[in-house]
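Shown next as structure tokens: one chain only, the form predicted on its own.
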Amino acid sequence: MAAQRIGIAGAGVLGRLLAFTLSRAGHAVQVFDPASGPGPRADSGLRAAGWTAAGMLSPVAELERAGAEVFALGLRSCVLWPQIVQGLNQPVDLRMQGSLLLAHRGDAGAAQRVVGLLQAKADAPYQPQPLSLDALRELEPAIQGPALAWLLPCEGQIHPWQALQALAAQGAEQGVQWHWNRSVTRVDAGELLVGAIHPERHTFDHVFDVRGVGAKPALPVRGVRGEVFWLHAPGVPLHRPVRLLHPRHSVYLVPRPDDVIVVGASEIESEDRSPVSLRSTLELLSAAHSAIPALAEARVVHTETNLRPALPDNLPALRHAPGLTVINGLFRHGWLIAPALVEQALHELSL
């Protein structure tokens, strides 16, 4: 297909993947976003949800709450992410060493129900593999509390901050025009209206609306509050993502470079962006400590909240019209399914 003029509303993980892929294919791409810049220190009140995410690539574990569509998109994205990272000129920490499900002995019943659900939904190669405590200690010596463990061998993680910055930088090298501090107030076929006071009309051959929560009120999207903690834990080795199965809340721990472990999993039906709550602090960090007792001397170096974009059915939506594509509702699965959704959208458009 001949080169197209492409406009993208939103510079989260979807917007950056679209810009990277389309510009690499020779299209002229412009991206508009209200954040003050491409990096992690841009205006925190306007940052895409992808900045706050832990970056878990966990298609099997997400089957507890998601269906076959998210599972299939997640499996495909786990194939695509290594290819994408290979095409970037900046380093991105990507690990595909599997993930762990853990449970304390007192939560064995609830954990077995979750594992049974995953086994029923996932094909044989992707089902949880039970681990003995000796096998668990060999994989992750720092994990000392839980009595039950399963390995999900097909899963992994990506570093969101590194990936978002590398995608923006690579896009710029490929000719993408990034327009920061520019809010898209309306999206129509082949047209973006930018700015509220003195709106500017920008026309394109095709436009993509990937604004997440910012697409309201055009879409019935809502924000679901998520909270994370960054722990600096030198001397506490962790090599793969960990989920602690608990009857009241799900807790994950994800290793990052430089002795950082990200703890999170709060999911609150609220669009409140205020700092993390006392309840979340106590519950999540206590659960993390129960799985890895050596975290007792870790330092909380960063806390963050953000809003995951969710549609009423909590499923992703990909819709095409002449001159316009809308992708939204990635909910808690943004990093997991974004590459596959972008691939699907561009294949359907023959771009």
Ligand SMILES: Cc1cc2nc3c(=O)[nH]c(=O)nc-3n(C[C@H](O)[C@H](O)[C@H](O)COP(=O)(O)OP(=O)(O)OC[C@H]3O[C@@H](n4cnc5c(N)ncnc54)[C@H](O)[C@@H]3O)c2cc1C
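The structure presented is a predicted model; accordingly, all values stated were derived computationally and were not measured. Numbering starts at 1 and runs along the sequence shown.
Keep in mind that the form predicted together with the ligand is not shown, yet the notes after this line are about it.
- With a 4.5 Å cutoff on heavy atoms, A61 does not count as touching the ligand in the predicted complex; it lies far away.
- At a distance threshold of 4.5 angstroms between non-hydrogen atoms, G50 is in contact with the ligand in the predicted complex.
- Residue contact check for V210: one or more of its heavy atoms lie within 4.5 Å of the ligand in the predicted complex.
- The closest heavy atom approach of H27 to the ligand in the predicted complex falls outside 4.5 Å.
- Considering the ligand in the predicted complex, the lone stretch of 316-324, 50-58, 283-291, 64-72 in range is 50-58 [heavy atom distance within 4.5 Å].
- Checked against the ligand in the predicted complex, the residues H232, R222, R182, R240 give one hit for a heavy atom within 4.5 Å, which is R182.
- Proximity to the ligand in the predicted complex, defined as a heavy atom within 4.5 Å, holds among A163, A265, L101, V176 only for A265.
- For the stretch 320-349, the set of residues having any non-hydrogen atom within 4.5 angstroms of the ligand in the predicted complex comprises L330, F331, R332, H333, G334, W335, L336, in sequence order.
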